[in-house]
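For reference, the chain that follows is the form predicted on its own, supplied as structure tokens.
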Amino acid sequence: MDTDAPHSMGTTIIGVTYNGGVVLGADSRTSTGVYVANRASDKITQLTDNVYVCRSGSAADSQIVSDYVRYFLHQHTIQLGQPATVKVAANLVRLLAYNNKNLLQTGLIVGGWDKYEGGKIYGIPLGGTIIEQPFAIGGSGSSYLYGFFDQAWKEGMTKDEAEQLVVKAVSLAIARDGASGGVVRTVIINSEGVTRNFYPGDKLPLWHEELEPQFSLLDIPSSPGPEPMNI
């Protein structure tokens, strides 16, 4: 095994707007090639009280970008005397991603709520482009979700509908993508504040090719063996 070879990195991250705010969601598997380095990581990182970022790609790259942006936004808030808007936070992420595009391997989704524009989602893929979207998906699991979102997403969803869509989409990516897995975490951001939710793996929707979860073989009572033959 060549330890110096490039490692494949996978994840599933989602941001969805709804009528009143945004819902962010992500799986929790951090992989290094075929090795799962962390099965319960938190890929939704707080930037300010009202803005969060979903991280994909290199964990180290996405974490350092998040740390820098959080620091700059803290200074920005002190200078202006009010919280930064979602657009300001997203543009700071874009600036760092674009200026270091030859060094970074990370795609990010910035989502949040502010009093000027309400709930907003910005996708910032590899290279530092910034795209405002009603919903954004990223990571290796996103390949399986484009058609699903084209069919399932609709304008003016309620908070519950948006969160159910995110949980369903991440669970579908987990079922199809080997680099996504673990649990599903969601963050709901609106005018009332922030709500974090946690969905363990055994509570996620099952898809047609998956088996119902079973207990360990050690828990199954052993059946009596065959009667010995009489010779």
Partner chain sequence: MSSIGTGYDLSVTTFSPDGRVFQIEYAAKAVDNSGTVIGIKCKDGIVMGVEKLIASKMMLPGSNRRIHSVHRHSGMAVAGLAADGRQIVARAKSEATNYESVYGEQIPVKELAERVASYVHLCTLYWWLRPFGCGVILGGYDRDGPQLYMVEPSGISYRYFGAAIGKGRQAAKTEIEKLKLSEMTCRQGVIEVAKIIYGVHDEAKDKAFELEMSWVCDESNRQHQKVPDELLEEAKAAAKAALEEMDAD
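In this text the structure is predicted, and so the values were computed from the model without any measurement. Numbering follows the first chain given and starts at 1.
What comes next is about the form predicted in complex with the partner chain, which is not displayed.
Peer 1: Is it true that Phe149, Leu172 and Ala179, all three, sit within 4.5 Å of the partner chain in the predicted bound form, judged by heavy atoms?
Peer 2: Verified in the predicted bound form; spot residues all out of contact, no.
Peer 1: Given that the partner is absent here, does Lys159 sit within 4.5 Å of the partner chain in the predicted bound form, heavy atoms only?
Peer 2: Lys159: no contact with the partner chain in the predicted bound form.
Peer 1: Heavy atoms within 4.5 Å of the partner chain in the predicted bound form: does Ile121 have any?
Peer 2: Although the partner chain is absent here, Ile121 would stay clear of it in the predicted bound form, with no heavy atoms inside 4.5 Å.
Peer 1: May I ask you to state whether Leu145 is within 4.5 Å of the partner chain in the predicted bound form, using heavy atom distances?
Peer 2: Flag for Leu145 set to no.
Peer 1: Are there residues in 192-207 with a heavy atom within 4.5 Å of the partner chain in the predicted bound form, and which are they, in order?
Peer 2: Sequence-ordered list is empty.
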